[in-house]
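Presented as structure tokens, the chain that follows is alone, the form predicted alone.
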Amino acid sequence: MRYKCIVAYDGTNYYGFQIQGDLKTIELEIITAIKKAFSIDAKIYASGRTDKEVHAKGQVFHFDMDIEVLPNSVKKALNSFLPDDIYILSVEIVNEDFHARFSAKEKEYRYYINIGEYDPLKIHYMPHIDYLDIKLMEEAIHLFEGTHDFKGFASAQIDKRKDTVKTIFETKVNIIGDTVEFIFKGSAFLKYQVRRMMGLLIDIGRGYYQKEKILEVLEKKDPSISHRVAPGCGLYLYKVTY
């Protein structure tokens, strides 16, 4: 049986999603919980990897078991063995052709910035950055929309065989009190892509560049131009659509 799970987590104390030996990662915690709950060494497949300190409200993964267990029982069992900063929101049985990564049609990331007074209770969940021209950032963010080669916004160490052409369907900026929310909906995203896009948006918002800098990076495809990587704490994998 194949189980599709939606999981939320606070990435503050983790070295990202992907398992890295004995380092504390989200994947390691989930695999350990599955082993404790069902006495199996399961391999899980996620919709994508999140970096160190990045959070998720709607990460998706799947795994297989030879036995059939009611989805709600799987949810309760896994949550009983997971730490308090990781929580399985839902579980369902899906067809064997479902794949958490390859079946995804759209991913939504959201990035949050505190533009009010510094708040020590928020700093692990959004960076504090003031003096931003939000209107200019809102104009600039729409330049990411469409199908582009995003190599200039990817990690410099990205596999050269990886396709760097991606499509961003929609972008949006919302102001919620002292918090600014940036929304990116796309077909898929490269490693560091959203954080590099946000890094350049922040530089534009602080007056270091004009919004046309985005077009220059897209054209030249050089990651060294989009050098700023926004802090991981402000990034959330919000939703994956199938």
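Everything numeric in this text was worked out from a predicted model, so none of it was measured. When you see a residue number, it is the position in the sequence shown, counting from 1.
Below: the form predicted together with another copy of the chain, not depicted.
Only one listed stretch (137-145, 117-125, 100-108, 164-172) carries heavy atoms within 4.5 Å of another copy of the chain in the predicted bound form, and that stretch is 117-125. Using a 4.5 Å cutoff between non-hydrogen atoms, Asp85 counts as a contact of another copy of the chain in the predicted bound form. For Arg196, no non-hydrogen atom is located within 4.5 Å of another copy of the chain in the predicted bound form, even though that partner is not displayed. The closest heavy atom approach of Phe17 to another copy of the chain in the predicted bound form falls outside 4.5 Å. Among heavy atoms of His62, none comes within 4.5 Å of another copy of the chain in the predicted bound form.
Of the candidates Leu200, Val180, Ala56, Ala46, Ala56 is the one whose heavy atoms come within 4.5 Å of another copy of the chain in the predicted bound form; the others do not. Although another copy of the chain is not shown here, in the predicted bound form the stretch 5-23 places heavy atoms of Ala8, Tyr9, Asp10 within 4.5 Å of it, in sequence order.
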